[in-house]
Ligand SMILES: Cc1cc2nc3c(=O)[nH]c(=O)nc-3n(C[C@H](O)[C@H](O)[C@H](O)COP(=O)(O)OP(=O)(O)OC[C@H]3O[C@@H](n4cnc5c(N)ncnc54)[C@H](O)[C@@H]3O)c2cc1C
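Coming up is one lone chain in structure tokens, specifically the form predicted on its own.
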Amino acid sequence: MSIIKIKNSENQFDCDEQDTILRAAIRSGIKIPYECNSGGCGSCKFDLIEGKVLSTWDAPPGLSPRDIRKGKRLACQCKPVTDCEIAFGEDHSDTPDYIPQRRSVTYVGQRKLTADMSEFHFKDNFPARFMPGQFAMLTLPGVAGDRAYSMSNNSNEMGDWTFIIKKMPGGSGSDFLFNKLKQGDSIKLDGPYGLSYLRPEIERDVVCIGGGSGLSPMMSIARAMTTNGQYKNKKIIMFYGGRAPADICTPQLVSEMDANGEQLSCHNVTSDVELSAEQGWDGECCFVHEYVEKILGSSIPDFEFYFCGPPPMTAAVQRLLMIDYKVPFEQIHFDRFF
């Protein structure tokens, strides 16, 4: 057990051998900047003032060559060897309601959504508590490093955890889940994490934008808003983008939540012109952020936005909202995954 002290602060916390500095801080209720918790975004960069740490990833994508030359480290990839003093940038984020916990969950089965995407169901003996839009870290046997997957269901007392996951070519994590995981197997789950969760105090109608398996947290948010009475007067407009018509699985999912479309509406779009023509697609064919602009236009600043998807998609949505339409930052919620 090591003690971690944050420079120019009264905050300090314990970090055991199972935790990275980031996870130990969050588990202790300490606010430090982060997003992906898996080495990709770089939000949790810190300076090591005193002590010694062991990095589990020598050159994570979240550190630029310049960062590495300056001795920057990622809290999500470092474990302390001794007591340490560290320095972070300022964190302006909110604090979620639930502290992450480590647990074992049992694989129940999966619901096939497309040829390469399924909703995986795991069960625990204790309540599954998290905010809509958050994610968990899964430890998969034989796979180096934990994988971050967003929950697609809502907090519940039955111990149910579901995740919409896309099979990625060459991806060792998704290969294990799709091809090796057997019903009744147990895996380790640590969560919840993530700051892109549904704000209960929202005053605006909500827009959810998803691409690929980025649909998972958007489904969690939509499911919460269509089942919780406190949101009954709030509209949800969902946009979902896939490469081809065969990737569009939202009509059935949306109809299960709001068959009449009274509160939730969904706009689907494909991006591959040739495949869309071959598969008889008669809907819009463009990038999802372009369709958002086409449908919402000048009303864009009136909404609360939640989005998740491949990095090019999230970057394009950011530019659309923040640069083109000057949407205030506090109305925009997303976690960067790479």
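Here the structure is a predicted model, which is why all the values come from computation and not from measurement. A residue's number is simply how far along the shown sequence it sits, counting from 1.
The same protein has a further form, the form predicted in complex with the ligand, not shown here; the description that follows concerns it.
### Message
Under a 4.5 angstroms heavy atom criterion, identify the one residue in 155, 263, 139, 172 near the ligand in the predicted bound form.
### Response
By the 4.5 Å criterion, the partner-contacting residue is 172.
### Query
So which of 245, 159, 96, 145 reaches within 4.5 angstroms of the ligand in the predicted bound form, heavy atom to heavy atom?
The residue from 245, 159, 96, 145 that makes the contact is 145.
### Query
With the partner removed from view, which of 46-54, 274-282, 289-297, 30-38 is the stretch that lies within 4.5 Å of the ligand in the predicted bound form, judged by heavy atom distances?
So the stretch in question is 30-38.
### Query
Heavy atom to heavy atom, is residue 135 within 4.5 Å of the ligand in the predicted bound form?
Contact with the ligand, yes.
### Message
Can you work out whether residue 166 and the ligand are in contact in the predicted bound form, taking contact to mean some heavy atom pair no more than 4.5 Å apart?
### Response
So residue 166 counts as contacting the ligand.
### Query
Quick one: does residue 130 come within 4.5 Å of the ligand in the predicted bound form, counting heavy atoms only?
Although the ligand is absent here, residue 130 would stay clear of it in the predicted bound form, with no heavy atoms inside 4.5 Å.
### Query
Does the ligand come within 4.5 Å of any heavy atom of residue 336 in the predicted bound form?
Yes, residue 336 is a contact residue.
### Message
Is the ligand in the predicted bound form close enough to 250, 306 and 331 that every residue in that trio has a heavy atom within 4.5 angstroms of it?
### Response
The answer is no; none of 250, 306 and 331 reaches the ligand.
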